[in-house]
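One chain comes next, on its own, written out as structure tokens in the form predicted alone.
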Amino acid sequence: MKLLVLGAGAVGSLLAARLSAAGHPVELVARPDHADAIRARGLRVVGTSPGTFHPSALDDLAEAAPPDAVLLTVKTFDLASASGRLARRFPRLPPTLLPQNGLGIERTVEAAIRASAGEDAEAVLVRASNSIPVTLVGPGVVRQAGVGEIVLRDPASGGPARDAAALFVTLLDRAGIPVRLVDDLERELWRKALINAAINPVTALHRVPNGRLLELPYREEATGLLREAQRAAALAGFEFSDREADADFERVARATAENRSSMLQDRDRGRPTEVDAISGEILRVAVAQGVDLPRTRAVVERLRATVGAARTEPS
């Protein structure tokens, strides 16, 4: 099966590596320096299940052949523009996986595709929650720091994208990528958003790895954001007790103690972060119900102001 990975940063590159190793022809579209390195030396994965892999690497979507399935792995701040480019290049969009952090992802992609191609993409868009810990080390190299998993809606539960979801279940499972199926994917997406809303902004603002959030004063700051995120989740119809939310936070912070969160990595590079798709969406849900979340609002504003201020050393 011919696969296209659009937006091959850390997550996209790792998925491209595993899927190409499973025998699929994979084309990945990446930044020029990353694509050049892969063409010259292959795609190297270090850490968990290391190796060198050889997907085809492109730096221009216009060069991609029509795929049988797409993994759209751009960051959320590039999602609308990338979805529009994809729809213009392939108006009859094949099954497309969306493993981004955050909330409202399908809404963004559907609107961009409809505006660019006039198509309704509901039957081909497959939302996923991704917890595979992977970092882009440099051009041509990614580090997988553990196993993680991809959570998908069980195709047996129905829905317009059930056939597309079944396709990705098979593809990922045969590539050795752990897949967990759930009936209520929305609750899983909110669970992941709560964890991200507690961990990512604090690590990015203070430039510390995830494990430092188990210590004061960072823990208190993260817990305050977690409580506000729980309040928004309840307004959206998803209740998470303090005990459940705290257990999730502690588990992830300990399991990824040495990791630098995705928001911190983006801040190090002076790039936009995914704060709008995570904390910003949580704030939007609450405000729509007449509830303000002052701590969440503050970190959204502070992180928006950091774009362009790159610095590679934590403090």
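Everything numeric here is computed off the predicted structure, so don't read it as measured data. Start at 1 and count along the sequence shown; that's the residue number.
One more form of this protein, predicted in complex with a small molecule, exists but is not displayed; see below.
- Contact annotation: the small molecule lies within 4.5 Å of heavy atoms from the stretch 196-204 in the predicted complex, the single such stretch among 114-122, 196-204, 183-191, 152-160.
- In the predicted complex, Ser261 approaches the small molecule with a heavy atom inside 4.5 Å.
- At a distance threshold of 4.5 angstroms between non-hydrogen atoms, Thr273 is out of contact with the small molecule in the predicted complex.
- Contact annotation: Gln230 falls outside 4.5 Å of the small molecule in the predicted complex, judged by heavy atom distances.
- Among residues of the shown chain, Thr73 is not one whose heavy atoms approach the small molecule to within 4.5 Å in the predicted complex.
- Here the marked residues Asn210, Val252 and Thr256 all reach the small molecule in the predicted complex, each with a heavy atom within 4.5 angstroms.
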